[in-house]
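Here we start with a single chain on its own, the form predicted alone, put down as structure tokens.
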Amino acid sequence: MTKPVIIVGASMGGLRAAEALRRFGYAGPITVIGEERHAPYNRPPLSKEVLAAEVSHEAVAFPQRESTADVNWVLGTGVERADLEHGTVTDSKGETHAYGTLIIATGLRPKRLEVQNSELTGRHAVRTLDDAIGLRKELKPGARVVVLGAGFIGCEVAATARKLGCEVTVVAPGSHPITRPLGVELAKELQRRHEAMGVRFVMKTSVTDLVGTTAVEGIVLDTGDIIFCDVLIEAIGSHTNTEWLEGNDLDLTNGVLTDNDMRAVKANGEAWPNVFAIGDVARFANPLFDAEPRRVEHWNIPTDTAKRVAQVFTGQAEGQFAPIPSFWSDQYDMHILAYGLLALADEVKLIAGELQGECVFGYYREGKMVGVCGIGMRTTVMGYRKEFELK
């Protein structure tokens, strides 16, 4: 081949795609284009143990394998647009790259609070290494920290900030943290454990404006109350990075719709033969659960989808693609591990352990297990993994 495989996105998904292509026998040219200046690194620790220490690229960088030593890495360069009909992408420096096969691995970016007084310093998100480096400098003992959002990232950052001696308040519209995937009972217990460590929760509310002239000094709630702070962390969700694909025959409703082989799908339902999407940005149906295409923002999905693309590309794919979603979260001494799609459940129940100690919850839809999550009891949780294998 004279035209390379081009992978747009140089994070975990892009790296795993390059590695998998080599592992399954593709020896042709590979170019990876990434907006960040850093070589691929592991993102989840940025809100956990790495944020509590000195943040550096060395602490989170993925090792580079010998098999990908000949990959052309174009870093610090975004992609502005794609022309799928003619097989090209154009980068932020104006250079046009022709491809034989395109792999979309552009992932997500954080949503940011949109209020009138938004042009203030002291606002942080936690998605990139540079985000974490900037935030770590502000997490000093005694600093008043407000975390907007009570999902996994919000709770992880809250726990880390508290361990560093900050005064932490979590503000979110829900009743309890991480309720949607975990269910009310486990969510309440998670909140209790955070509160026992000194975190304050202000729930069932939203932010209408910020206080400050040049830097954030506080937030204004929809109740009219003001919470003063030195540091504001926004963990309110994500946007898919798909703008560069607009104008092509793709379904970009919520990420990139793909078929079971991770090929991007056209409006008529047919798949592009040489365009794939992987990781957080891909929306696909998983036969383990149903025929509904979903984006799955779990740690294993970039690796699993990259492997599937490499197998399809080299003609070695077998059977249906049915990855078992999994995620983990460390908060204080809590080690949370889960398999499946917990949010699909219509019934959640304690199946092992004790709620205020180590415990395991099962998640069921119409009587069938669709997820399992445990605080501790890792071996027990892992024992349920077989429940999700395609029969």
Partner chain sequence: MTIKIDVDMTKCQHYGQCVFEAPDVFRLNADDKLEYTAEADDSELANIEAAIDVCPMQAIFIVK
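Numbering follows the first chain given and starts at 1. Keep in mind it's a predicted model, so treat the numbers as computed, not measured.
The next section is about a form of this same protein that is not shown, the form predicted together with its partner chain.
How about H335 - does it come within 4.5 Å of its partner chain in the predicted complex, if we only consider non-hydrogen atoms? Contact with its partner chain, yes.
Classify T68 as contacting or not contacting its partner chain in the predicted complex by the rule of any non-hydrogen atom within 4.5 angstroms, answering yes or no. No - in the predicted complex, heavy atoms of T68 and its partner chain never come within 4.5 Å of each other.
4.5 Å heavy atom contact, M382 to its partner chain in the predicted complex: Heavy-atom contact with its partner chain at 4.5 Å: present for M382.
Does its partner chain come within 4.5 Å of any heavy atom of R378 in the predicted complex? Output for R378 is yes: heavy atoms within 4.5 Å of its partner chain.
Residues E19, E49 and S329 all lining its partner chain in the predicted complex, heavy atom within 4.5 Å: Yes: E19, E49 and S329 each sit within 4.5 Å of its partner chain in the predicted complex.
Please identify, from 344-352, 362-370, 56-64, 27-35, the stretch that has a heavy atom within 4.5 Å of its partner chain in the predicted complex. Going through the listed ranges, the match is 56-64.
Partner contacts in the predicted complex for 22-41 (non-hydrogen atom within 4.5 angstroms of its partner chain): Only R23 sits within 4.5 Å of the partner.
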